[in-house]
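Given as structure tokens, the chain that follows is alone and in the form predicted on its own.
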């Protein structure tokens, strides 16, 4: 798939809570095909300590408006600078990068996300409904109710289960503790997940024990997005060390050495 370096216009910068915001970017030309799970590399201007581009998952795409939404967590100088962008300003990105989630074999799907890891799952959920007429279910985890992200958008796509660490919304605990995962009547054929690595490892272990296919979207540090800087390497069973940005970020958990 052809990669582009392009400058898009900021249409909106929506602050969701104290940690997260959504940038809405618009192109002045036809967007390329963007698949769920792919990401962009963002050039951060005005941040002297931010030398490398920042990888950001695609949160949503609207081809009728030629626009891309990026869900971003404020985690340092670079993302803090991005949070200050206003409509009318420009943002340079490289896109679309990486591979995508695979086509499901049937409709018994569970999409599990934690924190900013919910970003690629919204786009995936919409894609599954539009392309395959599949209604997925979501299991989303946050530290607290105040950090939950646009739940109404997920609920419009499919049934959504919530966990919070403090119990302020949904089930108290982590996603891996939600009762839906232990309901013997619940059939799950495929899990797609993204979030903190410790969460994804637990989800992968659960899927392996239940003999459920599972794909993860890794959030490794990616400095270039094209396989040149080698800072996002992950160890795989069949191919040894590979670049997450070019061979991923989506991996079947059985490919990863940390899965078992």
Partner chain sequence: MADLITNISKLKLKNPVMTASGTFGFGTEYSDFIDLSKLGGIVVKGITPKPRQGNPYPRMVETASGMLNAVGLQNKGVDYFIEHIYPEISQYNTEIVVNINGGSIEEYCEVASKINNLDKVNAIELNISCPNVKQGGMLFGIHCPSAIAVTKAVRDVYNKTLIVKLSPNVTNIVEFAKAVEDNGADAVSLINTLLGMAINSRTRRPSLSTVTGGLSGPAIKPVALRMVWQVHKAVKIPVIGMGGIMNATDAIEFILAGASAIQIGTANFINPAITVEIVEGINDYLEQNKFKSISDLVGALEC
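Just so it is clear, the structure is predicted and the values come from calculations on it, not from any experiment. Numbering follows the first chain given and starts at 1.
Although not depicted, the form predicted in complex with the partner chain is the subject of the following passage.
J.: Looking at 31, 212, 35, 226 here, can you tell me which has any non-hydrogen atom within 4.5 angstroms of the partner chain in the predicted complex?
T.: Of 31, 212, 35, 226, the residue with a heavy atom within 4.5 Å of the partner chain in the predicted complex is 226.
J.: If you check 232, 56, 204, 61 against the partner chain in the predicted complex, which one has a heavy atom within 4.5 Å?
T.: Among 232, 56, 204, 61, a heavy atom within 4.5 Å of the partner chain in the predicted complex occurs only for 232.
J.: Heavy atom to heavy atom, is residue 17 within 4.5 Å of the partner chain in the predicted complex?
T.: Residue 17: no, not in contact with the partner chain in the predicted complex.
J.: Quick one: does residue 94 come within 4.5 Å of the partner chain in the predicted complex, counting heavy atoms only?
T.: Yes, residue 94 is a contact residue.
J.: Considering non-hydrogen atoms and a 4.5 Å limit, does the partner chain approach residue 4 in the predicted complex?
T.: Judged by the heavy-atom cut-off of 4.5 Å, residue 4 is in contact with the partner chain in the predicted complex.
J.: So in the predicted complex, is the partner chain close enough to residue 220 to count as touching (4.5 Å, heavy atoms)?
T.: Within the cut-off, so yes.
J.: The chain here is shown without the partner chain. Which stretch in 235-243, 248-256, 8-16, 21-29 comes within 4.5 angstroms of it in the predicted complex, by heavy atom distance?
T.: It is the stretch 235-243.
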